[in-house]
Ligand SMILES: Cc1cc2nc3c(=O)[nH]c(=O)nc-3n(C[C@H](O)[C@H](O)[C@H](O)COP(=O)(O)OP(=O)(O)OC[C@H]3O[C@@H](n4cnc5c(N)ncnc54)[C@H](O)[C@@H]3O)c2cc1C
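Just the one chain here, laid out as structure tokens, in the form predicted alone.
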């Protein structure tokens, strides 16, 4: 089922990091590599610590009560792979197996490479034996499950361990001279592809707040949170709704292709029929004209 009007863009993580490093150097930043910060005590001489160190943030971990951090995990299991196949666009492949249904999210990020993310219910994961498999064996089995989609090509691993997606949120975005951004602050389920965008927009909002009140950092940090939090909450809520849809994709697979495609498009709660008619007129014409 092809759905018209769905835009998508992606970039290799290594290439993105190289671009960001070049930009940082161009504006005079001092970049330090191969240095592990074990504690914020090592950063005592700095005026402001921006924690952009991900879900396992060292900065946040020592002050989770002060940041008001909450954490829970979604039930589905997933593993992140790559493949030397340039899929044309963002694609979802759903397959039924003897173990249960599997889903793959796959999309191109270079002219020759694509991401290939495999997802399934925990019960399916256990029946398939993944709980006792290593990384290489899991990749081989996933490649067998999606052999038709992959054209027989192997999956490429890079710390491709099976995980449960963490839903993490912080009620307070700063504490003392520490402020959180990106995945150190909040997580957004991968099914709407907004994690990196949210992190970059967090930083933009933080810089704007600091520039607006250069002589009052506490006020600037509060302004950053006040301006940015409602926007992030809306996107995170949509991402979580999308994730919940995937928890029941086995039931959705029983629908007709058109009904399945429609359920997929409205899963996050951000798109109604009017909006869908505007950017996917071809699909909606088929959907509303069926029967």
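Positions refer to the first chain, counted from 1. Keep in mind the model is a prediction, meaning the values are calculated, not measured.
The next section is about a form of this same protein that is not shown, the form predicted together with the ligand.
Asker: Just checking whether residue 210 would be counted as a contact of the ligand in the predicted bound form - the rule being heavy atoms within 4.5 angstroms.
Answerer: Because no heavy atom of residue 210 falls inside 4.5 Å of the ligand in the predicted bound form, the answer is no.
Asker: Report whether the minimum heavy atom distance between residue 240 and the ligand in the predicted bound form is within 4.5 Å.
Answerer: The answer is no: residue 240 has no heavy atom within 4.5 Å of the ligand.
Asker: Tell me, yes or no, whether residue 196 is in contact with the ligand in the predicted bound form, where a contact means a heavy atom of each within 4.5 Å.
Answerer: Yes, contact at 4.5 Å.
Asker: Would residue 117 count as touching the ligand in the predicted bound form under a 4.5 Å heavy atom rule?
Answerer: Yes, residue 117 is a contact residue.
Asker: State the residue from 146, 107, 162, 125 whose non-hydrogen atoms include one within 4.5 Å of the ligand in the predicted bound form.
Answerer: So the residue touching the ligand in the predicted bound form, by this definition, is 107.
Asker: Which residue among 26, 31, 36, 44 has a heavy atom within 4.5 angstroms of the ligand in the predicted bound form?
Answerer: It is 36 that has a heavy atom within 4.5 Å of the partner.
Asker: Please pick out the stretch from 67-75, 177-185, 95-103, 133-141 that is in contact with the ligand in the predicted bound form, where contact means heavy atoms within 4.5 Å.
Answerer: Only one stretch qualifies here: 177-185.
Asker: Heavy atoms within 4.5 Å of the ligand in the predicted bound form is the criterion; list the residues of 43-64 that meet it.
Answerer: Residues within 4.5 Å: 52, 53, 54, 58.
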